[in-house]
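As a starting point, one isolated chain is supplied in structure tokens, in the form predicted on its own.
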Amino acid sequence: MTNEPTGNIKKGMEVELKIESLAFGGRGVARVNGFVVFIDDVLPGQRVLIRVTRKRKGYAEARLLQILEPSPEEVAAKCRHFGECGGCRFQHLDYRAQLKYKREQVLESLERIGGFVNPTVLDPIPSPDIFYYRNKMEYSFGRRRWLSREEIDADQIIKPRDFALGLHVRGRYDRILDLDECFLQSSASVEMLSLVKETARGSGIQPYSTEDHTGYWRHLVIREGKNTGETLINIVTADEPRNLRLVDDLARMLKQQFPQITTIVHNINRRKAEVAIGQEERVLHGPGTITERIGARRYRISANSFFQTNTKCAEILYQKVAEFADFKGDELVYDLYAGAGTISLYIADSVRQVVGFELVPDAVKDAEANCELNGIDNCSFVLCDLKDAGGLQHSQNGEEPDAIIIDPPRAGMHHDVVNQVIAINPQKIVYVSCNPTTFARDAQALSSAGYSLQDIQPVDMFPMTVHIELVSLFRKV
């Protein structure tokens, strides 16, 4: 073991290091004679003992062996499952420090990947709630339950090993952590989770397994209208008609014990893929959808709709989009990756017309329904794959948009979409991103095409996690 980082770093070397910062994705960053080392499960300010597990050109990876000194920014984690669950990664890091490091990660991505020099990255806007903020949680059933630290320490198995309902263990897609508590969604949702778990386990029917593609119980999805108080329960199973009565009985118990539940649906997933979306849906209680409110708008949300996960922060995000766009009232606006039309509807009163582009048919139906729900007649939606040639050429009379709003998935824009946006040549582009690394790549392409990157505003949609959301403005030079 090397007490001080001297000499060349080698695989298998054990060395004491001080963690300097956090890289995007949550790994700690330290250095040995200027050579970068990435370590999981550490915090800036900690002094640690590590073992180098891999050496690459320009960096190394290491495993934490022991924390020798705590971080001054370290706090006590709230949840008993912390460190095992794949949900929260930074419950043990002071929230102000979380915001600081997320800003640094946006800045570092823009400088390293995008080639920007001193870009203006504003201080992140904090989430109004740092716990209980999620409006959707997707839980998985599994036959291979993760043994908790408590059980291992006590050398006592306290639950059946072949049944679990909860979240995946971080980095282990074959193991489910059986949840007893969670501080991301409401406390009522955890009670609903417990009832579903006990009922499904008591049915004697196994969870579905991707190893042999047998079993029945697959997922439980709970969606909450944070501003409306409405709740949707989605029970996802395999296709076994003889077991339908089990789901019907479960729905009745849920209604009886939780009268606040607005609707219950049953999705039947016939695919082998482990996704919480079915090919057939049965509505067991209520209308099959719930509504949520952001600002003056109401949105219909179905079991499989996309909707921003942090409702209160979503309103802040959309306010920032409108602020950056600075609409005058007569603009034609394109909304790329429009989803259920949440941004389109939010800005509709501030512009002449919005055309949204979306790949998912159900999302387009939701967007059109949301326009009708809110009495909006200046939004239209185009079902298309944006990367197809000419995918954006759908405006009336060949008119080009004055501004484009882009809210792509984590992978960012396909390069063909970037080229189409550049060809359209709008005066303003407002880009919403959930991944600063792909944003930096796209920002570099737009900058090279004559767009000036203005302020970048991170908005902390996901407290306690590694995820980062941001809004930015590009102006044509």
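Residue indices: 1-based, along the sequence shown. It should be emphasised that the depicted structure is a prediction, and the values quoted were computed from it without experimental measurement.
Beyond the structure shown, there is the form predicted together with a small molecule, which is absent from this document and is the topic of what follows.
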Tell me, please, which stretch of 41-49, 406-414, 423-431, 438-446 lies within 4.5 angstroms of the small molecule in the predicted bound form when heavy atoms are compared? 406-414
Taking heavy atoms only, is T262 within 4.5 angstroms of the small molecule in the predicted bound form? no
Is there a non-hydrogen atom of D385 within 4.5 angstroms of a non-hydrogen atom of the small molecule in the predicted bound form? yes
Determine whether any heavy atom of L345 comes within 4.5 Å of a heavy atom of the small molecule in the predicted bound form, and answer yes or no. no
Should L122 be counted as a contact of the small molecule in the predicted bound form, where contact means heavy atoms within 4.5 Å? no
Contacting member of F381, Y337, Y101, F163, with respect to the small molecule in the predicted bound form [4.5 Å, heavy atom]: Y337
Contact residue in the predicted bound form, from N234, N370, Q308, Q91 (heavy atom within 4.5 Å of the small molecule): Q308
